[in-house]
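Below you'll find only one chain, the form predicted alone, shown as structure tokens.
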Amino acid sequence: MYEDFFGLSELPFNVTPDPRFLYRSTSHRDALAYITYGIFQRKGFIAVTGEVGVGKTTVVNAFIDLFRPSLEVAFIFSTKFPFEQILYLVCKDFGIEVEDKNKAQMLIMLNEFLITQYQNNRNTVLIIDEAHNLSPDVLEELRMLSNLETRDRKLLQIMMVGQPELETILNMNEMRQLRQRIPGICRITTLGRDEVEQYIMTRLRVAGSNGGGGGPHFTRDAFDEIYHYSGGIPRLINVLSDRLLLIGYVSNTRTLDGRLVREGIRDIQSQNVPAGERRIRPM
């Protein structure tokens, strides 16, 4: 709606995890390096954690985009299932036909698939989102799944992505065998005040803003208000910044200041935003 008014080629603050819009803060850059190292060194397991909306999936998608030609990837988003059902989903996402197959048959077919990918110099990666919802029994089965290997290489790299609760689970005593296989746990942190400003400007540039007079101009107090509301969580920054651009368009102004940010916050809160996401300061 407001793209033409601000001279943008697309919406800059969608909440979908588009890797083109990845702002490489120190934390996000470190996470991308950690994932790259773990996958290409064939460590078998890696774990990435962070609060809701901090950009975990965007970093994962950026990794896939960078190395897609050498990867065979399966995504699992539904984690509240027994292992056999998860195994079925894994096989299906890899394109392995396992209809009416039992667990043993699926494991054999998966192993054959992994060997073929290895022979074709492709790195096979299983990405499990919402991994903090996995039960201890399923995690143990995944540990056994990582035993599919050659003499010197893991055939399957398993990336677990989840909220900080995943760290608590992995540090449980009964999970110590799995934890020992993970080369550290990478936690993506929230953005600092200056990073919030750079994050917003990066997304505007990707969306076509050239920094000229026709584009949106965020004042210093606007950045301050956005930071305090969002707590440095990219998803909340996107929600508020999108609302702010809409308010600027309706108000026929390209200067977006703290007063307009506070108006945007009130709009969001009036739409029954969950209380845990309300970070407005007392005024």
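All values reported here derive from a predicted model rather than from experimental measurement. From 1 onward, residues are counted along the sequence shown.
Absent from the display: the form predicted together with a small molecule. The rest refers to it.
- Proximity to the small molecule in the predicted bound form, defined as a heavy atom within 4.5 Å, singles out one entry of Leu66, Ala33, Val52, Val250, which is Val52.
- In the predicted bound form, Ser241 stays away from the small molecule, with no heavy atom inside 4.5 Å.
- Using a 4.5 Å cutoff between non-hydrogen atoms, Asp18 counts as a contact of the small molecule in the predicted bound form.
- Remark: Gln269 does not count among the residues lining the small molecule in the predicted bound form, judged by a heavy atom distance of 4.5 Å or less.
- Mapping the unseen interface onto this chain, Leu22 counts among the residues with a heavy atom inside 4.5 Å of the small molecule in the predicted bound form.
- Comparing 36-44, 214-222, 228-236, 254-262 against the small molecule in the predicted bound form, the single stretch with non-hydrogen atoms within 4.5 angstroms of it is 228-236.
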